[in-house]
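Before any questions on binding or motion, here is one chain by itself as C-alpha cells, the form predicted alone.
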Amino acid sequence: MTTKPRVAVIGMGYSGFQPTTPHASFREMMFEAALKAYSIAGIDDPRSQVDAFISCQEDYWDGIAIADEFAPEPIGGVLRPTFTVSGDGLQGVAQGVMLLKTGYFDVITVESHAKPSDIVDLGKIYEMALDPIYVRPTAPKTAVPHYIAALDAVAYMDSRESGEEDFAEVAAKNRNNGLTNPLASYAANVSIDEILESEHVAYPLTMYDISQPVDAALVAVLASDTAVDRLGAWDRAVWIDGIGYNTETYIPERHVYGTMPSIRRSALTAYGEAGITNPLSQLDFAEVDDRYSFMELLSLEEALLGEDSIELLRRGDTYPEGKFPVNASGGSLATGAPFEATGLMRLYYAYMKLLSMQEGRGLVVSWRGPPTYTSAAAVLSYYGGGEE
C-alpha cells in the first residue's frame, strides 16, 4: 500500500497589515508577500519549482469581476496551473494539502489578500449577502455583520454563566498582547473597565470587542516530505498533521445562535487526521477566531479545548504566560481582520511561533465571519532537523 505524503509549510510571507496602504495595489502586496515566502522556502524560480498555485479571494472584496485573473502574475504562476478558492485562506491550504497528498504535486503556493481600504461602502457588500425581503430591511446598514454577531453574543451569554466582563477581558487580553506584535495596528493598552464603560456598537459589543478591517496579503508555500528533503527545508518545515473545513449554513435565519458547529466539525476532522484525542493536553497553544471578542470563547469550546472556556480565561490559562496561550499574537482584535486572508494570518502566527519554539503542536482556527458560517481548522507541529 502506498503511503500518502506528509505536508509541511516551508515558507510564509506577508505584506501590509495597515489600515490603509495607498502606496501599493493588492497585486503589489501579493508580489511582496510572495517574494518573502519564496525566499524562506528556498524557491528561486516559482514557475519551474512550484507545481500549482491557489488564490483565495472574492470578487466583491476586490471590486473587480473575475478578480482571479490578476492572481497568477504576482505569485509567479503565469501559464501554470492556478485556481481560485472563493473562501478563507485556510480553506485554500486544505485544497493544497489534498493536492499534495495525491502524490502528483510536490510544491504548492497558496495566497490570499484583502484591501478593504479601497472599498467605498463595505456595508452594502454585507447587505447583499442577506435575504432581500425579510432580513435586509431590518439590519442596520452601517453595521450589518456586527448586528448579526451580536445575536450570537447574546445567545452565548444566555446559555452560559457569562457576561460582558468576560468579553471585555478577552478584548483587553488580545489588544494588550498585540503590543509585542509589530503587525498589530490596533493593539492598545486598554483595561477591562475602560471597555465596559464604552458605548455599545451593537449590544453587547463595544468598539473594543470588534476587530477592524486591515489591508494585508499573505503567501504560504506548501511542500510534500519529498520536496522538503530535496529543498533542504527540514529546519523551516512546520507540518500540517490534520486539516478540516466545514460550512454550516449560508442563511443567518437558520443558524443556531450561540453555537458554531462548523468550527467543531472542522476541528474534529483535523484532530482525526492528527491523532488528537485530548486537545487541551496534546496541544501547546492556539490561534483561534476573535474577530469578535466572544468568538474566542466560543471557538475554544467548539474546538473541544475545554467545556468551559470562560473558566480557562478567568484562571489566566489563555494568557501568553498561562498553561494554554490563546491568540498570543493579539489575534484579529489587535492585528485587524484581513477578510479572506484571516486564515493565512493565523497560520503565519502559528508557523512563526513553532519555528521559534523548535518543538510543539498548535491549533489554528479560522471563521469567515457573519453572515457566513464557514470555518477551517488545522493542527500544526514542528520537529525539525530531519525525518522523525
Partner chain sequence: MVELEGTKLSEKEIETLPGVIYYKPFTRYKFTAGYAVSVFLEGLKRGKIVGSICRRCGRVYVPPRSYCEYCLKPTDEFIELPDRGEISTAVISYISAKRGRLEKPEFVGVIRLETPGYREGSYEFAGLFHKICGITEEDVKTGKAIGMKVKARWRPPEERAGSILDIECFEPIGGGED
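Positions refer to the first chain, counted from 1. None of the values given here were measured: they were computed from a predicted structure.
The form predicted in complex with the partner chain exists for this protein as well; it is not shown, and the discussion that follows is about that form.
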Discussion item. I'd like to know if Pro74 sits close to the partner chain in the predicted complex, meaning any non-hydrogen atom pair within 4.5 angstroms.
Written reply: yes
Discussion item. When the contact criterion is heavy atoms within 4.5 Å, does Tyr349 count as touching the partner chain in the predicted complex?
Written reply: no
Item to complete: Consider Arg136 of the chain shown here, and say whether it contacts the partner chain in the predicted complex, taking contact as heavy atoms within 4.5 Å.
Response: yes
Discussion item. Although the partner isn't part of this model, could you tell me whether Gln18 comes within 4.5 Å of the partner chain in the predicted complex, counting any heavy atom of the residue?
Written reply: no
Worksheet item: Considering the partner chain in the predicted complex, which of Gly163, Pro132, Gly275, Pro182 comes within 4.5 Å of it through any heavy atom?
Response: Pro132
Worksheet item: Which listed residue (Thr247, Thr226, Gln282, Ser117) meets the criterion of a heavy atom within 4.5 Å of the partner chain in the predicted complex?
Response: Ser117
Response to the item:
The stretch from 77 to 85, 163 to 171, 192 to 200, 294 to 302 that lies within 4.5 Å of the partner chain in the predicted complex, judged by heavy atoms, is 77 to 85
Fill in: Check all three, Gly306, Pro325 and Glu340, heavy atom within 4.5 Å of the partner chain in the predicted complex
no
Worksheet entry | in the predicted complex: members of 48 to 63 within 4.5 Å of the partner chain, any heavy atom | Tyr60, Trp61, Asp62, Gly63
